[in-house]
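So this first bit is one chain, no partners, the form predicted on its own, shown in structure tokens.
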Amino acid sequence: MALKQISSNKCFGGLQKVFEHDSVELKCKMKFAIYLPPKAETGKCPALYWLSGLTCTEQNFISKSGYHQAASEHGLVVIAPDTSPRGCNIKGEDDSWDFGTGAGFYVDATQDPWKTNYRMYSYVTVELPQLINANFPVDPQRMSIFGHSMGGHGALICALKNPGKYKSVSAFAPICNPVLCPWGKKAFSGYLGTDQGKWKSYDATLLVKSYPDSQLDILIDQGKDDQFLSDGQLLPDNFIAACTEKKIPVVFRLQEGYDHSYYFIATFIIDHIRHHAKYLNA
């Protein structure tokens, strides 16, 4: 599959690149960002996937999080895809900021008119890793995932739906229980239909309850002053309770004074890189 390089910038001894390709799953052109640390020049490195939140593209994380130095030091290839298909000319895809463009929710849509293009779950778990493994110096056996908000939801469900696929998972302010929050109800109704039984397979809190073993170490950071926490969009307490019941180890850190922004992410990103490096470089 042909890759078109959009940009390349040297950063902490490595290269921050952006590529475009024709996606088979999404049936449109997609961009992804990839950071290649200095170690990638001489051998295969672990792959760490980042999933961004609502309204984001592949640019937000690479320009605002400040992750590059830690990724360089730990020798991690970091991949950040876009958050939805683009330019599919679906009626209504640009009508609201929390559904459609920039809001793929990392599900495979089953409803018209979304089901043809909005297959972000299969894109980030199957198509994109295959593309990365075939074109870059990564070790397919060493892969982890993390994300923010909608992307935190995405990271958690990808790890929970695929036991053993990812060495570790972490999230910033994830949407933990989407079947019960306004964002999730809107997205799942549109993409998956009104049968709420079909929503369960994309809800981290519900997936934990059927996770087959406890070999997954989860790190979550949540800003205490996050407006979406107080608005009932994130519901981390439900997820923590489910993990506790299943004896799945989760470190949940409620960070005093922090909000939902990339200032919050940049403050704790090094902790998350270290969390993943511990497993990816073991």
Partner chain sequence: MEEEAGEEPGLDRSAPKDFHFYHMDLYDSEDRLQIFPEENTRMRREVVQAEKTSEPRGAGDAKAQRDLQEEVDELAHLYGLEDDNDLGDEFVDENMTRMGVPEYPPYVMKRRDPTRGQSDWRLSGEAAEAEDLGFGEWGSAGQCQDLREAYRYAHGRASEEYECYVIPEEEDEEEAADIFCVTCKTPVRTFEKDFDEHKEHEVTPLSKALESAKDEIHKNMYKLEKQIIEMENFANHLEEVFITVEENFGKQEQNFESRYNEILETLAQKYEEKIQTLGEKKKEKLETLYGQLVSCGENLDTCKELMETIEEMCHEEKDDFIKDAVAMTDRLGKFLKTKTDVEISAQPDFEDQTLDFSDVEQLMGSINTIPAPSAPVINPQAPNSATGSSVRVCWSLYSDDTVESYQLYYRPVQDSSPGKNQAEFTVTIKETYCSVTNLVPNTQYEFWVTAHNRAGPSPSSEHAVYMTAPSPPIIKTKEIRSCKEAALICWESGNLNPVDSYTVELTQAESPEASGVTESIVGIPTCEALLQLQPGQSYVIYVRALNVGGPSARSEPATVHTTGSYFHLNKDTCHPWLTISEDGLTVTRSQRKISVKESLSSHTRFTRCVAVMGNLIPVRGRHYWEVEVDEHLDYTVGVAFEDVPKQEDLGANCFSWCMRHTFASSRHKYEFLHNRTTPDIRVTVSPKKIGILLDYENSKLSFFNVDISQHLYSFSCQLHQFVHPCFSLEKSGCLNIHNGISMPKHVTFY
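It should be emphasised that the depicted structure is a prediction, and the values quoted were computed from it without experimental measurement. Residue numbers count along the first chain shown, from 1.
The form predicted in complex with the partner chain is left out here; the points below concern that form.
Do all of 227, 232 and 259 end up near the partner chain in the model of the complex, with near meaning a heavy atom within 4.5 Å?
None of them does, since no heavy atom lies within 4.5 Å of the partner.
Does at least one non-hydrogen atom of residue 240 fall within 4.5 angstroms of the partner chain in the model of the complex?
So residue 240 counts as contacting the partner chain.
Evaluate residue 142 for contact with the partner chain in the model of the complex, applying a 4.5 angstroms cut-off between non-hydrogen atoms, and reply yes or no.
Outside the cut-off, so no.
So, residue 38 and the partner chain: in the model of the complex, are they within 4.5 Å at any heavy atom pair?
No - in the model of the complex, heavy atoms of residue 38 and the partner chain never come within 4.5 Å of each other.
Tell me, yes or no, whether residue 250 is in contact with the partner chain in the model of the complex, where a contact means a heavy atom of each within 4.5 Å.
Looking in the model of the complex, residue contacts with the partner chain include residue 250, since a heavy atom lies within 4.5 Å.
Heavy atoms within 4.5 Å of the partner chain in the model of the complex: which of the stretches 25-33, 242-250, 38-46, 59-67 has them?
Heavy-atom contact with the partner occurs in 242-250.
Pull the contact list for 51-80: residues with a heavy atom within 4.5 Å of the partner chain in the model of the complex, in sequence order.
Read in sequence order, the lone residue that approaches the partner chain (within 4.5 Å, in the model of the complex) is 74.
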